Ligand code: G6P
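Below you will find one chain, with nothing else, as structure tokens; this is the form predicted on its own, and questions on how it binds or moves follow later.
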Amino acid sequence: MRLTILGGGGFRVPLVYGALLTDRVEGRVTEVVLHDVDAGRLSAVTRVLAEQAAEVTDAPAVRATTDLDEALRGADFVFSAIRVGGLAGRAEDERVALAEGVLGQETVGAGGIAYGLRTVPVAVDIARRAARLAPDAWVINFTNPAGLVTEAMSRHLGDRVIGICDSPVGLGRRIARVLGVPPGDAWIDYVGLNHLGWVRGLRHAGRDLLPRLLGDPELLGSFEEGRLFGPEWLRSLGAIPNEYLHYYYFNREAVEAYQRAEKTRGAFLRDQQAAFYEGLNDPAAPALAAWNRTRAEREATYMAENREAAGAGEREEDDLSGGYEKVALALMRAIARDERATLILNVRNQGVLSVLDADAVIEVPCLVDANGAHPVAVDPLPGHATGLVCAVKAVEREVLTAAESGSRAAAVKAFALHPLVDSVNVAHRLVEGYTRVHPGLAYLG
């Protein structure tokens, strides 16, 4: 079975390959094709993968190419993890937004909109090519903003594109851990959009254990989200929000923390990864060891500004292991082998949430089998969540309109409608600022 990874020179690709190395069952991935527009990054990552596979018998073969059509042909699965504009683009997204006093995070608020506006046209081109060159392939999208990009691609691939994210998995794992429940044995009642969702229940042995957690302030304050949001706010919500909702519930504090930071997250990663790739220009440099060191620092500093604003302290050791590669592998296994699994994924709504239309991509538990991912019916959203979900989905639709039509007015509307942008005038200035620094937004008339 062949897996094509788009963004194959990306820093996190070794996580995916490492997961594949543990899969020894019949029907596993036997060939990995890496595609990237940057040949130097491809070379560096290929070296890391070679060292990972050095002592593994019958490891999946690895091939690299800068030709997109070549990469897509013959693929059984396509894993899309591209970053249009690179980390330099992310750093600009943050800088332009913070200059206007609004959030520049890569998936939330102004930064997420800017990232979406330059990513959607590229993702749509990939979807069209995949439909033509690999019509039977399943596309797994990890490209951010994951929900928005998955919805853009679904207009050309239908339900053969499925979005993944490790945030809900990590959240469910942390809640199960503090409740003393094996994560694999728990049903996580999670609903929302990508980076905008809530855990409303954790069921084990026929009982919902979340009320016990919400009723115990000490237990509630013992894990990441409890420290980030505070037990009192979580008890008021009656749910545990995805960590990215900190940008909404504590927006002023988050923006101030970003403005105080010596470097934004994007600028930190840009410089850190530039040093990693530059170091691997030396053919004698140990590639895997350099990658491991860089990754450990990257994970430890994740959402550092939010934890600083909340006084949440350092991340726990168990939360430094990522997890999106495990979701991707579980998804591929379920489809390729018809091994039924339940995973939280980004898929078309299909009537699950009545407040959104059938084609809106949402993030919910899905039953996965050889026919793809099927969203599970969930209870209606509470009013406070409905408002946010509908508002952000309206923003995503304006981004899609702008990307399809080249309408500058639609782009301005996308910024202006977002709950974290506080003025139409600011929205106009954001569009002006982003079009100045991003050549990929020249299509906006």
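Throughout, we count residues from 1 along the sequence that is shown. Just so it is clear, the model here is predicted, and its values are computed rather than measured.
From this point on, the text means the form predicted together with the named molecule, which you will not see here.
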Looking in the predicted bound form, any heavy atom of Phe223 within 4.5 Å of the named molecule?
-> no
Could you tell me if Arg348 has a non-hydrogen atom within 4.5 Å of the named molecule in the predicted bound form?
-> no
Is there a non-hydrogen atom of Glu253 within 4.5 angstroms of a non-hydrogen atom of the named molecule in the predicted bound form?
-> no
State yes or no: in the predicted bound form, is some non-hydrogen atom of Arg298 no more than 4.5 angstroms from a non-hydrogen atom of the named molecule?
-> yes
Checked Cys165, Ile126, Ile175, Met332 for heavy atoms within 4.5 Å of the named molecule in the predicted bound form; positive is Cys165
Leu133, Leu269, Val181, Leu213 - the one with a heavy atom within 4.5 Å of the named molecule in the predicted bound form = Leu269
Candidate stretches 199-207, 261-269, 338-346, 149-157 - the one whose heavy atoms come within 4.5 Å of the named molecule in the predicted bound form | 261-269
Contacts with the named molecule in the predicted bound form, stretch 6-39 (heavy atom within 4.5 Å) | Arg12
